[in-house]
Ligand code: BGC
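First comes one chain, alone, set out as structure tokens in the form predicted alone.
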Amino acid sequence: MTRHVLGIDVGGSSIKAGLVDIDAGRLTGGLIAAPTPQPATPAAMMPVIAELAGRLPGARGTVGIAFPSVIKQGTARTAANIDRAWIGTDGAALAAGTLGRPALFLNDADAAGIAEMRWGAGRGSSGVAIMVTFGTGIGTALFADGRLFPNTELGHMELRGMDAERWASAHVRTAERLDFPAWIARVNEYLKRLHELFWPDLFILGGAVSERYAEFAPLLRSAAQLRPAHFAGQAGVIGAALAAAESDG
């Protein structure tokens, strides 16, 4: 019997949701989305999540929620691109109470990395792989021989006297109206710093901008292998659903 699991991906600008066929490793239908409320407090965000979930009936088991924060035992510990009221909030319990069913919270980049390593660009790879998502910020997921080291948050690594995501995120590219050569020069600098620290064999580049990978790929430079994310902007939703399904056993 086909298992459909609900995955939700919370971002700084939008919240996306979709039903995932866990056995096939793909979305069933397309993504739906709603703007992230501003300010993005727990009280403001829960009705949006509930509304999206209500538009996607037919899911079974735990709901997976990818969230832009360090997550420890379901609780948010940081708040880079959401309201600081989330810090110390048990998001898993809050979402479960709102939705009336179990919920699993995990870091959004970790969710995207899980999808890519299981079913996407990292499938079958060995050694060290780093998933990098470019969006409102920069998210990272670090894997060694397929095993996740959670909550790395390497988008907040210092670069040019600031958080790296304030220099090289996709949001910065849009806000500063950078063309691809100017932006990729920053991305290359960031990847070089990551390589100096972790010596990965593979970088997987994700986020919605990865849908335009062919346009900027010739500009990329790295000592590690580079691959575009297979799932692009869907990776967080798919990975959250996979993690939720595995938590159900």
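Values in this document were obtained by computation on a predicted structure and should not be read as measured data. All residue numbers refer to positions in the sequence shown, first residue = 1.
Unshown form predicted in complex with the named molecule; subsequent notes refer to it.
**Q** Please determine, with the chain shown alone, which of 142-150, 112-120, 79-87, 175-183 has non-hydrogen atoms within 4.5 Å of the named molecule in the predicted bound form.
**A** Partner-contacting stretch among the options: 79-87.
**Q** Using a 4.5 Å heavy atom cut-off, which residue among Met46, Val70, Leu31, Ala208 comes into contact with the named molecule in the predicted bound form?
**A** If I apply the 4.5 Å criterion carefully, the residue I get is Val70.
**Q** His156 versus the named molecule, in the predicted bound form: is there a non-hydrogen atom within 4.5 Å?
**A** His156 belongs to the contact set for the named molecule.
**Q** Though only this chain appears here, would Ile138 touch the named molecule in the predicted bound form if you measure heavy atom gaps against 4.5 Å?
**A** Contact check for Ile138: yes, within 4.5 Å of the named molecule in the predicted bound form.
**Q** Go through 94-122 residue by residue and record those having a heavy atom within 4.5 Å of the named molecule in the predicted bound form; state none if no residue qualifies.
**A** The stretch touches the partner through Asn107, Asp108, Ala109.
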